Structure formats: C-alpha cells, structure tokens
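Take a look at this one chain, the form predicted on its own, written out in structure tokens.
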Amino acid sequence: MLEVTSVSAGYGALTVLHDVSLKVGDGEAVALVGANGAGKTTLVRTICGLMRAQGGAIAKNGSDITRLPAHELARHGLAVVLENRRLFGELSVRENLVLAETVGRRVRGAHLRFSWDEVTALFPMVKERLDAPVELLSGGQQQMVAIARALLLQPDLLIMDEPSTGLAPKVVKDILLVIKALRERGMGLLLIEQNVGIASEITDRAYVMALGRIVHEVPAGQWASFLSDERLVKAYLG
C-alpha cells in the first residue's frame, strides 16, 4: 500500500531524514515511534507532499507520489491528520467537512468508503456541533473534526501524527475506540506516536526512529517483548 524507500529530506542544508525506508501493507496498522526530535513529523510532511524529498522514493499502491503536492494525494487513497490539524478555524464544523466530502466524492465517484452519516456517527460531538465555528471547539473536539474530515476524503490509508498529544485521557480513549473501529473496517493506518502504550494497543508492528533514521523494527506480535526491554526503550524513547 505505502512504500517509503531510502528517503532523505530536510530544511535547506540541514538534512533531517537519512535513508529512511518503511512499508505499510493493505489494511495493516503500523506505528512510527521515537522521542521528540527524532524526525517523525518531518517524515510525515515529506510523505504527504508538504516537504520535498531530497532523495529516495515514496509509492502508494505502486504509483510514485514522491513529487506530488499534498492536495493531489486524496486520489491515491491517502489522508493525513497532522499534529496541528490545519482546520479552517473561522468556518463551521459542517463547512470543514463539506469541503472534504466534495473532494472525496470527486476522487471516488460512487465508490465511497464512508458516508456522511457513518462518519458523523463515529463522532457524536461532531454531529451535535455541526454549526459551531471550529475555532471555538476544544482541542479534543478539533481533533475529532480533523479525523472526520480525513475520512470524508475516502482514504484506504490514514496517517495520524501524534493524535493523542495534549488531549484529555477521556478524549484519547474515545479516539482510540474510533481507530479500532476503522481497523475493523480494513483501514490501513500509519500512526506516529511518542506514547508507545497507545501505539502498542492499536497497531500490529512498529518502526523506531532516532536522529532521522529507522534504528529498530518491532515485528508483528513482538510489542510486549520490545516494551519489556528497558535498554531498548531507554535508548530510543528516552
């Protein structure tokens, strides 16, 4: 589904990512974990076209998307929820969602993975506050809107950058329940997380990142072994 091969990227002369490779298979949930400054968000921004790769290649379902701008990724079945969410704060919840729904219908035609009713049913708060300006919502509510908007783009792979950061435990629990429901529907997932407890709960396997490189892989079924190795956890996650 998603294949990142030997990707390097950075800011001007500063290279942040060094020869990064990872894969996410059809319907697979994969975590990318690492301490602050490891390069996780830079990798997300490079995958979704907000940064230009300096080397390497990124492919989605066999199509090269390395040089595609962010707004063209929906037609390849890829949606991203960034850490800063990038919602239109002055618009209502409904208006934010309608914009995404319009794009999703254009790229998928009649073959929709998620209807409006299905998406709003996942987030009762969203359904209750459709006419509220997004800028007046709490951080947790905005995160729910951001995920709902991403789903209306009709992706088969959802990338989420630090979805639990700064949110109340109750909100995090609600979001994790939604992610689990999406997994049951066969949604592919690339989850970027500092909280390895959350990552281990909802993903099959993981890549560990440090100093802009993939330094360790947690194979499927090996989360418990990784978390019990204090040396590895301390070395890579602090």
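All residue numbers are counted from 1 along the displayed sequence. These numbers were taken from a predicted model, which means no experiment stands behind them.
One more form of this protein exists, namely the form predicted together with a small molecule; it is left out here, but the text below deals with it.
A.B. asks: Give a yes or no for residue 38: in the predicted complex, does one of its heavy atoms lie within 4.5 Å of a heavy atom belonging to the small molecule?
C.D. replies: Yes, residue 38 is a contact residue.
A.B. asks: Does any heavy atom of residue 14 come within 4.5 Å of a heavy atom of the small molecule in the predicted complex?
C.D. replies: Residue 14: yes, in contact with the small molecule in the predicted complex.
A.B. asks: In the predicted complex, does residue 156 come within 4.5 Å of the small molecule, counting heavy atoms only?
C.D. replies: Residue 156: no contact with the small molecule in the predicted complex.
A.B. asks: Report whether the minimum heavy atom distance between residue 200 and the small molecule in the predicted complex is within 4.5 Å.
C.D. replies: Answer no; every heavy atom of residue 200 is more than 4.5 Å from the small molecule in the predicted complex.
A.B. asks: What stretch, of 200-208, 39-47, 22-30, 166-174, brings heavy atoms to within 4.5 Å of the small molecule in the predicted complex?
C.D. replies: It is 39-47 that comes within 4.5 Å of the partner.
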